[in-house]
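Take a look at this single chain in structure tokens; it is the form predicted alone.
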């Protein structure tokens, strides 16, 4: 694609080329510019649930995953106001679940953890909820640790839209929202979930874990140990 012929908008003062139909975050990603996000994934329609990708467009806040790029837009992302709000959202996600990074198999590969590091989140700030959430070890190959779920719905969308199985769903409303397995027993073993499913590999945190490979890659040698998340924006090749 010849970017010289593409129209552009500015993101934090930098010209970003875009093609028709691209959203702000898609164009930024294609240009190698990081906008914090958790529920966005390049293979799925935008969901707009985490609000972490919120930017200012011509002075007004909007989700960059749902706002279509237009010529001459003035977009702000990496500014104090928005980063403060993002930190608050991350702090709430940490306290609403049971995220104990030092003992987590996903540490160093976790998008939530890496984003918190990127935004210099130094403390949870709010009181921890310490919810009582189950661990499902019924499946022969996969473990589900619901303690780490951030309700991004990526596994729900992957299972439904790519795998055609609808293994996962979100249940409840508001603070009572939670991830469930679509089986009468509620157990993963009673579904047709398999290692070839898109949903098996898409969780950005540590909910869906493959058994018998825990800590095969030592902490300190994992993806975000090598480079911060802003230096390696998510792309289709990552999943």
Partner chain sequence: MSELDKFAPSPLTPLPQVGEGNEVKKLKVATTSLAGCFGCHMSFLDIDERLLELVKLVEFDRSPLTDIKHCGPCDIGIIEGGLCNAENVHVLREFRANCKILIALGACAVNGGLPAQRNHLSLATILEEVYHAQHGLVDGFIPNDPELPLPLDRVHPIHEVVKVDYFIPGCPPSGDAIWKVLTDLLAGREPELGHGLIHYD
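Since the model is a prediction, treat every value here as computed from it, not as a measurement. Residue numbers count along the first chain shown, from 1.
Below: the form predicted together with its partner chain, not depicted.
- For the options 158, 150, 143, 121, the one in contact with its partner chain in the predicted complex, meaning a heavy atom within 4.5 Å, is 121.
- If you check its partner chain in the predicted complex, you find a heavy atom from every one of 94, 116 and 224 within 4.5 Å.
- Only one segment in the set 135 to 143, 97 to 105, 163 to 171, 67 to 75 has any non-hydrogen atom within 4.5 angstroms of its partner chain in the predicted complex, and it is 97 to 105.
- Proximity of residue 228 to its partner chain in the predicted complex: non-hydrogen atoms within 4.5 Å are present.
- Contact check for residue 86: no non-hydrogen atom falls within 4.5 Å of its partner chain in the predicted complex.
- The closest heavy atom approach of residue 219 to its partner chain in the predicted complex falls within 4.5 Å.
- Residues are counted as partner-facing when one of their heavy atoms sits within 4.5 Å of its partner chain in the predicted complex; in 123 to 140 these are 123, 124, 125, 126, 127, 128, 129, 130, 131, 132, in sequence order.
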